[in-house]
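Below you will find one chain, with nothing else, as structure tokens; this is the form predicted alone, and questions on how it binds or moves follow later.
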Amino acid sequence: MKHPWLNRLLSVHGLLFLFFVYAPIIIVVVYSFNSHPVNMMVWKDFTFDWYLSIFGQPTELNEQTLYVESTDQLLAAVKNSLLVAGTTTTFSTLVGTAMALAVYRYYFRLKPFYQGLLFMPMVMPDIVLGIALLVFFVNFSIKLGLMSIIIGHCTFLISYVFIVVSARLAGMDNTLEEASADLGAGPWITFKRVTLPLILPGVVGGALLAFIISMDDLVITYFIAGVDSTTLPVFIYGMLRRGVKPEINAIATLMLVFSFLIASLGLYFRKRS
């Protein structure tokens, strides 16, 4: 660059951007080890007791005060989140991959309009989609519960899988499929032995992305969840109404680590050649 001060300005801007993005996350992780039982912003001692209390282990701090009302309720929320995420990921991956293959291979008159509709659930505000789903379920007398959450998550997770798989299809060599057909392989054998292995990294990456988004979703789930179908984000939101306590920081840190691992796997399979 001709002006060194511009280079320094861009460097400072980049550092400030990283600071404002990651500083709050770092604070949550650090203060999840704070032993102060009341005010998390007053550092007292380093402890793992908040992590132990999450799983119902007896600790000195746990005897003084307890912010997680029931470990059973927390584990039930985790179970619901895993069940919803696993089911929606399976369905969204199958449907999203099939839609990506259909749009990639076939041309029809309303194809651009159809692709635009697939992008709508991603760009639509979560609160709007949550209210729309709630009105839909109420009008059609669908009971709010795990099934309504699964249906709601599938409405937008299919779009994420569709985009990831479509990006993988855009870089695929079509001559390999043509060679398979020339050698006498049928459509199913060609898909199983040629097409699927080529797009598998995109399929796995889209599935992992859908899984982690489903696990972390709060706004849409809050509108369409029933009484006995509380997921982990909704459970944490209920705890936050009484203030940010160290146990909440510990739960958030565990979710952060889990999300980071899943997202890393998704990026790995997404970029794998």
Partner chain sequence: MTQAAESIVEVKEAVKRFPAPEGGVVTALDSISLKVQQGQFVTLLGPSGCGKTTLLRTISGFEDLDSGAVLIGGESVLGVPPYRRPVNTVFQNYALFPHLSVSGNVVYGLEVAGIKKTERDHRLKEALERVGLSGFERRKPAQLSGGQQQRVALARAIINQPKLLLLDEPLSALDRNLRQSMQLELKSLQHDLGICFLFVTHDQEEALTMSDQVVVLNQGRIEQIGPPDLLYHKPATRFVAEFIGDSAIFSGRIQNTEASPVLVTEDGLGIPVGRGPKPGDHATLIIRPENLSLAPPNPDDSVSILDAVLEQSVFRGATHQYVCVLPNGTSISATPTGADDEAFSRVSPGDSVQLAFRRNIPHLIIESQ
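Positions refer to the first chain, counted from 1. Note that the structure is a prediction, hence the values are computed from the model and not measured.
Omitted here: the form predicted together with the partner chain. The next part is about that form.
Residues with any non-hydrogen atom within 4.5 angstroms of the partner chain in the predicted bound form fall in just one of 155-163, 186-194, 91-99, 107-115: 186-194. At the 4.5 Å threshold, heavy atoms of Asp182 reach the partner chain in the predicted bound form. Contact between Leu200 and the partner chain in the predicted bound form is not found at the 4.5 Å heavy atom cutoff. Within this chain, Leu176 lines the site of the partner chain in the predicted bound form, having a heavy atom no more than 4.5 Å away.
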